[in-house]
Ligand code: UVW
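Only one chain is given next, in structure tokens, and it is the form predicted on its own.
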């Protein structure tokens, strides 16, 4: 097996948006989402239909997460059982209540990546030193994204439906040209500054199989790296890539053998925000039924200071 090239060599000539929005910028391509873009998204609210895109947290069968991470672990702290056994706190008027807490990876559910989440050559997005990640992200954490919010015109491209499948196969790939073709087949066009939402059907399969089968030979379907694809994202000024996979790209690029090159080419270099592990099956079914594939997309991850990412429940309004 040929050794995969170093990320820095693979992306040596790749374009960067560093400094485009100033030396202190921490939200990258979200700067494209100006008030005019927000209003463009609002114009695509035509029916009043609302869809939320977060997968359940703490599902009985577990939560789909990147291998090595754990799903949410939730524990009841207080419930009626405490009063039944005489250990519940006493409040004037006889109030009883329930309380619980959970532990979990900040990227253990539907979530936004911080722009400082991945890097190579000792620099994260916008040229900040990778040492600013030690002990928590001092720069380009998820907090600036949370404080800004994400609102604009979203467009769903259903790659699985386009290829006549309930879901794409493990390791199945597609390019930006495939996205354009699929959108045209749906009767829509991907426009500049669209929030790009891509359905593969992959996360939906978690709830129809076993964890062992889901993770067997783990290789997600998704976009593959090419200089042309990166230039397309740059030219189209895509602010946010949203998918129903854990990594938003094929796990290992079939051409180079490099793991997750688009995380670096798009997120680190261009400042494209990644939203992962979204629940898109219901939205896709509705879009196929009524023919409306564009909508207002809104989201704000949890405001976790110095966080590498944070859970989110995006809301789509058609």
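Residue numbers count along the first chain shown, from 1. In this text the structure is predicted, and so the values were computed from the model without any measurement.
One more form of this protein should be noted, the form predicted together with acetylphosphate (UVW), which is absent from this view; the next part is about it.
- Just one listed stretch, out of 30-38, 49-57, 259-267, 283-291, contacts acetylphosphate (UVW) in the model of the complex at the 4.5 Å heavy atom level, and that stretch is 259-267.
- The candidate spot formed by 66, 118 and 247 lies fully in contact with acetylphosphate (UVW) in the model of the complex, as each residue has a heavy atom within 4.5 Å of it.
- The listed set 224, 186, 107, 141 contains one residue whose heavy atoms approach acetylphosphate (UVW) in the model of the complex to within 4.5 Å, identified as 107.
- Note on the partner interface in the model of the complex: the residue among 111, 126, 240, 200 having a heavy atom within 4.5 angstroms of acetylphosphate (UVW) is 111.
- By the criterion of a heavy atom within 4.5 Å, residue 276 is counted among the residues contacting acetylphosphate (UVW) in the model of the complex.
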